[in-house]
Ligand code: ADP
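The data below hold one chain only, encoded as C-alpha cells and taken in the form predicted on its own.
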C-alpha cells in the first residue's frame, strides 16, 4: 500500500525505495549508485537526494531516473520529481580504525614520488574515450577533481592492454599539474611485493611502512599480483586502512575484479569494493579507428580513414596491438619512402592479418543457401522475415571469419548494407554460438562444409 505522502518523511520514502531498487538491480549496481545516496527532504511532490559529486548526479539523471521513478512511485502511489544535491561524503562518518594503530604524519613530504617513470603521452588528453571505457575515464577524472572524496578506492579492472595504466598515469599527470605539493606514490604491485620482501630481509619494516603510509595518493598497477602472497596481503591491508582512514586517495588496477583475484583475502576484497569498481571493456570498431588515428598523430603522422578502418577491423584484441600496428605501418612507409595508403597497409599486414583459409563471398553464400534451401537473391533482398534474416546474418558472420573482406565489402554483397549491419550480425551470431546449442551446431556444420 502506498505511503501517505503528507506525513511520511524523506528518509522513510528513501529507505523503502532502496528496498525496491535492491530487487531491480544487481548488488554491484546498487552498491555503486544507491548505497551512498541519502534522502534530504520531501515536500509532497519532490524528493531531494544527496549524492557524493557532480559526476554521480549526472550519471543518475542520465541512466537511473526512470527506474527511480518507478521504484519510488510504488511507495508513494505517484512518481515524484527528483532533486539531486551534491554533498561530498563527510569524512567524519568513516568509522574504520587502522589496525596497525599508526597515525599519518602531518609533515608528509611535499614532492611527488614514483617507482615507475611516467609516460609523457599517458595523459587524459591522449586517452581515446569510447563506450567500453567511458565510465572508467569519468571516474578517474572525478578522483582528480576531489581526491579521497569522489571514489575511494577507485578500482579499475579489465584485460591486458585496454588502458588501465594509461588512466592511472593520467591521474598522476593531472594531479601534479594542478597541485605541485601533492605527495604521490605510483608503482606496480610487483614493486610493492619486492620492496616488502627486501624490508623483511633487512629488518627495515618500519621504514617501509612509513614510506607507503604517509602519502596523499597511492596508485598501484596490477594489484592482482597480490594473489597467493598471504603476508604481503596482510601488510597491504594495514597500509590500505591507514591511508583510507586518513582520507588519502587510493587507485588500483587489476586484470580481474576483486572477487576473482585468486586467494585474495575476503577482507581485502571487501576493502577494494567499498569504493568504486569499474570495468574497462575492449574498444569497439569506432573507438579502435579513433585510437589508430590518435596514435598516428602523436607520431606526427596521419592515417587515412580507409587505412584506419582496415586495421581496426582486423586488430580487435587490445590497444597495445593497435599501437604496434601503427608503428609498423609508419615504419614501412618511412623505409619505403611511400605515403600511407590502403595498398601499403595490405602489403605491411598481409601475412599477419589475412586468414589462413580464404573463401569468397559467393562460396559462403552457396553453402548457406544450400543448407537453408534459399536463393542468393533472398539474402541480397531487403526482406526481413526470420527465415531469411538468420541465414543472411550467418553469411555475414562466416564472411568475417573465413574471408579477408572488409565490413563495407561484406555489406555490399548483401544489398548494399552498411558496416554497422555487418557488425550487428557478427555480434548476434557470436552471442548465439555461445548461448544456443542449436545455433552453435549450425555454425559448425556450415564451417565444415566450407572447409570441405
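Positions refer to the first chain, counted from 1. The shown structure was predicted, so the numbers you read here are calculated from the model rather than taken from an experiment.
FYI, the form predicted together with adenosine-5'-diphosphate (ADP) isn't displayed, but the following is about it.
Chemist: May I ask you to state whether residue 213 is within 4.5 Å of adenosine-5'-diphosphate (ADP) in the predicted bound form, using heavy atom distances?
Modeler: Residue 213: no, not in contact with adenosine-5'-diphosphate (ADP) in the predicted bound form.
Chemist: Would residue 75 sit within 4.5 Å of adenosine-5'-diphosphate (ADP) in the predicted bound form, counting heavy atoms only?
Modeler: No, no contact at 4.5 Å.
Chemist: Can you work out whether residue 128 and adenosine-5'-diphosphate (ADP) are in contact in the predicted bound form, taking contact to mean some heavy atom pair no more than 4.5 Å apart?
Modeler: Because a heavy atom of residue 128 falls inside 4.5 Å of adenosine-5'-diphosphate (ADP) in the predicted bound form, the answer is yes.
Chemist: Indicate whether residue 133 is a 4.5 Å heavy atom neighbour of adenosine-5'-diphosphate (ADP) in the predicted bound form.
Modeler: So residue 133 counts as contacting adenosine-5'-diphosphate (ADP).
Chemist: Select, from the options 365 to 373, 318 to 326, 199 to 207, 335 to 343, the stretch whose residues sit within 4.5 angstroms of adenosine-5'-diphosphate (ADP) in the predicted bound form by heavy atom distance.
Modeler: So the stretch in question is 318 to 326.
Chemist: Within 4.5 Å of adenosine-5'-diphosphate (ADP) in the predicted bound form, heavy atoms considered, which of 244, 122, 84, 237?
Modeler: Among 244, 122, 84, 237, a heavy atom within 4.5 Å of adenosine-5'-diphosphate (ADP) in the predicted bound form occurs only for 122.
Chemist: Check each of 301, 360, 381, 159 and return the one that places a heavy atom within 4.5 angstroms of adenosine-5'-diphosphate (ADP) in the predicted bound form.
Modeler: Exactly one listed residue reaches within 4.5 Å, namely 159.
Chemist: What are the residues of 278 to 311, in order along the chain, with a heavy atom within 4.5 Å of adenosine-5'-diphosphate (ADP) in the predicted bound form?
Modeler: The stretch 278 to 311, when checked against adenosine-5'-diphosphate (ADP) in the predicted bound form, contributes 291, 295 at the 4.5 Å heavy-atom cut-off.
Chemist: Can you tell whether residue 318 sits closer to or farther from residue 430 in the predicted bound form than it does here, judged by CA atoms, where the change is 3 Å or more?
Modeler: Closer together, which means the C-alphas of residue 318 and residue 430 are at least 3 Å nearer in the predicted bound form.
Chemist: Is the CA-CA spacing of residue 434 and residue 318 tighter or wider in the predicted bound form than here, given a 3 Å or more change?
Modeler: Relative to the displayed form, residue 434 and residue 318 draw closer in the predicted bound form - a change of at least 3 Å between their C-alphas.
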